[in-house]
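Two forms of a single protein chain come next, each set out by itself as structure tokens; they are called structure 1 and structure 2.
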Structure 1
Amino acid sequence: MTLVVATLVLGVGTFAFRFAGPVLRARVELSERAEKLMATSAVVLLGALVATQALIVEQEFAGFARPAGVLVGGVLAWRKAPFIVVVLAAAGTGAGLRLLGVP
């Protein structure tokens, strides 16, 4: 029962955050500098998340296969390849390197 209540509260909270964005966007005026800083912050945050997830597993270096797969996926995404190609190429690169014995 507790899990159901927690899930419902989390769902309502998530919806409230998602709903608040467009509603507040029309009412709050931000400076151009603030908007540029927020856009840059989002990119930096996403980059840090990708780096930590690709390079570290249980506080140790993840090996070379995973970062290589992420690098391949990142390059393909940057070159605007279709999403399925990006995912399959990244997974295939990591799996292929591990199959060859690269950690």
Structure 2
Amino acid sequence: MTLVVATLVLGVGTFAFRFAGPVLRARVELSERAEKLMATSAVVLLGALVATQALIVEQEFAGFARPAGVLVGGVLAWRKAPFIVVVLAAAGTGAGLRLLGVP
């Protein structure tokens, strides 16, 4: 029962976070500068997410296999490789290095 309540609270809270932007946006006329600021904020958040997900697990260094995979994928994407190649190369590098015993 506690877990149902906890799940509900997490669900409602998450929805409220997600809904805040669309609701407030509809009420206020945003200047072009503010629009740009919002878009940049999303880019910055996603960038920070990439970096922390790639390098940190439970407040510690994630090991080499994961960031190596992300790096390979990132370089391929930068060189305009097809998306499927980027994804498979990133996963393959991570999985391959682990097979070889790299943490």
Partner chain sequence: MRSIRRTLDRELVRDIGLVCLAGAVVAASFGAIAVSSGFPLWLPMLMSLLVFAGAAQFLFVGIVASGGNPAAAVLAGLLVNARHIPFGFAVGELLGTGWARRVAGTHLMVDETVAFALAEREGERRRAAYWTCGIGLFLCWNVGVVVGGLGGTAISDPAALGLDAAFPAVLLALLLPSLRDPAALRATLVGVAIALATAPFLPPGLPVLLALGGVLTAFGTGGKRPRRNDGVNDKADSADRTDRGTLC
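Sequence positions of structure 1, starting at 1, serve as the residue numbers. All values derive from a computational prediction rather than experimental measurement. Rigid core: the largest C-alpha set superposing within 1.5 Å between the two forms. Residues that one form lacks are left out of the comparison.
If only one of the two is the form predicted together with its partner chain, which is it?
Note: form predicted together with its partner chain is structure 2; the other is not.
Hey, does residue 37 budge by 2 Å or more at the Cα between structure 1 and structure 2 once the core is superposed?
Moves: yes, 2 Å or greater.
Relative to the superposed rigid core, does residue 15 relocate between structure 1 and structure 2 - that is, does its Cα move 2 Å or more?
Yes, shifts by 2 Å or more.
Once you line up the core, how about residue 24: does its CA shift reach 2 Å between structure 1 and structure 2?
Yes, because once the rigid core is superposed, the C-alpha of residue 24 moves 2 Å or more between structure 1 and structure 2.
Could you check how much the CA of residue 46 shifts between structure 1 and structure 2 after a rigid core fit, in angstrom?
Its C-alpha position differs by 3.5 Å.
Using only residues present in both forms, find each stretch of at least 3 consecutive residues where all Cα shifts reach 2 Å or more between structure 1 and structure 2, with the core as the superposition reference, and list them in order along the sequence.
Run 1-48 stands out as the only one displaced between structure 1 and structure 2 - at least 3 residues long.
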